[in-house]
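Just one chain is shown here, as structure tokens, and it is the form predicted alone.
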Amino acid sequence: MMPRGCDMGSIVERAEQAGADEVEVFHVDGKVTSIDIKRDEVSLAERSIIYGMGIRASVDGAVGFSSTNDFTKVEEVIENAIRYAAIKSQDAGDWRGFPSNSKYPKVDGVFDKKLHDIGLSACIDLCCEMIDGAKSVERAMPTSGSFACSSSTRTICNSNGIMVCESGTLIEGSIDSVARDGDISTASEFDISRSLDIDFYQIGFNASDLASRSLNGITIESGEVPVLFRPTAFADIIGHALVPSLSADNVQKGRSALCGRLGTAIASEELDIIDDGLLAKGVGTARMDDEGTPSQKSSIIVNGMLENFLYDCYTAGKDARKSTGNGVRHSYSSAPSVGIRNMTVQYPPTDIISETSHGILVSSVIGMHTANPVSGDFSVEARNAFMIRDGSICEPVKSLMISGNVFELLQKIDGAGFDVRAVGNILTPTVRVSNQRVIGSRG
């Protein structure tokens, strides 16, 4: 609850009286448990409070933002938001206003009372399960890991009649393992959920098992071969190389390779990509986005054709259209920007591994943060890769680099598996790409 005298409606009124044309108040009240793992022990466990608000004010078509976690400084925050709006003359004429009073859809699986009520000792026990799972694999041991769970309520109030509140929970765990047997190999695993339904022992086991299976890898020649990207690898690729080009903000600023490509084919004709803010139990699911726009399901790529970009209120105003519900904040102390909710990759599934006569299976990649977000070019190291021969997973592969362009990659997708997995707020199966350039340690 907000301190007496600081209710959100009165803050909106006070900001209007101070000279704002429109006002938005975004408030968050929550708690977070964070735990670090070093080797096979819990090294740090702490609980913290998330509590604060951000205020946006529009003045003559420009928008200013300020935030605080000290509610005795509300007047100062209001003044700062209005002052920042007054000096942002470059925005004048583009702003079309905050969302108006709306009906909000029902969503499922975003709040778990058991997770909301979980104690610190129970969280530590879950970390110990993850450590035990990692230690259960011969020749492997955990090296580091992390755990976090949160429960928070966000409330949005604006001068156009929006007053909406929603609570949500989230839990996640990850661990890194190393295996030794003459050779050394590493691997990692994680899981994330809105409810207390994660098997933490399995997270640890999977990390160590993958590290163990990756020992004593072979080297291969450079060339073009079919590559199967596991969900963790493919999500990393599209998250860094494709998603930026789908943001209306980047399109409007000419920082997207997809400028002018709406209605054209950019991917395999059987590929669909959807962004769904209503997905049951999704990491990015909520009744509304972080501006108060009702959440929706947006088709981005349909049968390989680019159908839509992602919009928040500001970018939607510039194109004289409605927001797609993709206004996302990192915290109460940041203004919203365009972001994905639950981006889902869809392709007709088959038993993709057994149908591959020859290729390489890649579990994860390192270095996607260096991808060019405008052109979509990338060069990464493949981690925990394996040869596929006659429909079976065979020897591990070491020292493998993969380079390419995400838009060319999308056009060369020719298969997908049944193993759809949520990697953060990207959901994807294993995806097969024909004739992908790989660089081995020889040739």
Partner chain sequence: MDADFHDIKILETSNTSIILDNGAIEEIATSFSKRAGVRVLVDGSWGFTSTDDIDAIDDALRSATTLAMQAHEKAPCTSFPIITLTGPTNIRHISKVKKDPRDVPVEEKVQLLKDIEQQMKLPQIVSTNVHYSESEIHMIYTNSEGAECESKLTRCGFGITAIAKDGDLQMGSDSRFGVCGYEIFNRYDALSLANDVATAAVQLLSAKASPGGHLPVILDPKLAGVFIHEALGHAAEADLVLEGCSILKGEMGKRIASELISVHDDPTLPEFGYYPFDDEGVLPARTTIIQDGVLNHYLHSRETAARLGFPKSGNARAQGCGIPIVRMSNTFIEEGDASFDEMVEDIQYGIYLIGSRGGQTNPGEGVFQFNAEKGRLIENGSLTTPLRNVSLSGNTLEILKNVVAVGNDLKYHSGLCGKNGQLMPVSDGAPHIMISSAMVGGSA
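Numbering follows the first chain given and starts at 1. Everything numeric here is computed off the predicted structure, so don't read it as measured data.
The form predicted together with its partner chain exists for this protein as well; it is not shown, and the discussion that follows is about that form.
With the partner removed from view, the residue among S167, N80, S195, Q202 that has a non-hydrogen atom within 4.5 Å of its partner chain in the model of the complex turns out to be N80.
In terms of contact with its partner chain in the model of the complex, the residue from E76, E355, E221, D181 that brings a heavy atom within 4.5 Å is E76. Not one of I118, R261 and M305 comes within 4.5 Å of its partner chain in the model of the complex, counting any heavy atom. From the list 103 to 111, 280 to 288, 319 to 327, 363 to 371, the contact stretch for its partner chain in the model of the complex under a 4.5 Å heavy atom rule is 363 to 371.
In the model of the complex, its partner chain sits within 4.5 Å of a heavy atom belonging to V380.
Proximity of Y332 to its partner chain in the model of the complex falls within the 4.5 Å heavy atom cutoff. Residue contact with its partner chain in the model of the complex: R139 places no heavy atom within 4.5 Å of it. I393 falls outside the set of residues with a heavy atom inside 4.5 Å of its partner chain in the model of the complex. Although its partner chain is not shown here, in the model of the complex the stretch 98 to 130 places heavy atoms of L120, S121, I124, D125, C128 within 4.5 Å of it, in sequence order.
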